[in-house]
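Before any questions on binding or motion, here is one chain by itself as structure tokens, the form predicted on its own.
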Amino acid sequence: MRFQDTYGPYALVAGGSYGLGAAFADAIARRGVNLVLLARDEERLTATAARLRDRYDVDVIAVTADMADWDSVRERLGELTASIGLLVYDAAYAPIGRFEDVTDEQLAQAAAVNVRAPLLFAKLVSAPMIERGRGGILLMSSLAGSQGSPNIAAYAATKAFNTILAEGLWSELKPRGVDVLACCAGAILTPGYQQAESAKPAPGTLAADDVAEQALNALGKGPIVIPGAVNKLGRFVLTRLLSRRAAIAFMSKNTGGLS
């Protein structure tokens, strides 16, 4: 009931049709909070919404939208009457490969989906939360954003933005009753990750359900959560023990072969 009272009556999950976003939606619905799910794939989004309605007896509003088109997203959200008590921004776009080979269009897409949209989402939902004196904002970040990460340089940089944004908003909004959190995750067993990985999962890889649970349970407890003991240790080593040069070299061994 505390979760419902603090973060209800509706939670908005951007990128909520499958993978980690669907795991977040499942965990939130299990806590008795209604949902607004946003994603591009209408068929997958509709199926996920129907499954959650049947399983948890909550209201689920499915909104088909492309996070890269903020004007369209804002228009669609303006049509809603649901009161949003929690934002989970999980949508992401990751151009992979050497920077010289990544196109201007891919870089613009990464900036639009990973930076512009979560920034403007946070602005949009925080105003009524401040007025009510309660609410939450959860931005999905990544351990890749803790230092430069070759071959996913733009993606890592956008995730660093989300971490820093969450830290600043956490300090500003906590006194106003609004909890802000960045979830800095490592590898996650999502369908996309499993398709991309031909070898065994990286150390510290977690199931999407585990990441969602740990992140939601961390709301209100600080500005950052790092799911998984192995990932916590990894971030400590990369950010506290190694020099920046050494941390980048370490990441290069893990991401330098991506294409």
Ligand SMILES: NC(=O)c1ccc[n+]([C@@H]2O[C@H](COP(=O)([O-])OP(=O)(O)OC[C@H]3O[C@@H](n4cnc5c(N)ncnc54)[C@H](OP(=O)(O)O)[C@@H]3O)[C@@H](O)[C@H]2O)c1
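Just so it is clear, the model here is predicted, and its values are computed rather than measured. Just count from 1 along the sequence shown to find any residue number.
Form predicted in complex with the ligand: not shown, discussed below.
Participant: Heavy atoms within 4.5 Å of the ligand in the predicted complex: which of the stretches 154-162, 129-137, 173-181, 77-85 has them?
Facilitator: In the other structure, the partner sits against 154-162.
Participant: According to a 4.5 angstroms non-hydrogen atom cut-off, is Tyr18 in contact with the ligand in the predicted complex?
Facilitator: It does: once the ligand is placed as it appears in the predicted complex, Tyr18 has a heavy atom within 4.5 Å of it.
Participant: Taking the ligand as it sits in the predicted complex, is Ala166 in contact with it (heavy atom to heavy atom, 4.5 Å or less)?
Facilitator: No, Ala166 sits far enough from the ligand in the predicted complex that none of its heavy atoms falls within 4.5 Å.
Participant: May I ask you to state whether Pro118 is within 4.5 Å of the ligand in the predicted complex, using heavy atom distances?
Facilitator: Taking the distances in the predicted complex, the answer for Pro118 is no, it never comes within 4.5 Å of the ligand.
Participant: Is there a heavy atom of Asp66 no more than 4.5 Å from a heavy atom of the ligand in the predicted complex?
Facilitator: Contact check for Asp66: yes, within 4.5 Å of the ligand in the predicted complex.
Participant: Is every one of Gln147, Ile224 and Ala247 within 4.5 Å of the ligand in the predicted complex, counting heavy atoms?
Facilitator: Verified in the predicted complex; spot residues all out of contact, no.
Participant: Heavy atom within 4.5 Å of the ligand in the predicted complex: which of Val36, Leu52, Val33, Ala39?
Facilitator: Of the listed residues, the single hit is Ala39.
Participant: Within 72-94, which residues have a heavy atom closer than or equal to 4.5 Å from the ligand in the predicted complex?
Facilitator: The stretch 72-94, when checked against the ligand in the predicted complex, contributes Asp90, Ala91, Ala92 at the 4.5 Å heavy-atom cut-off.
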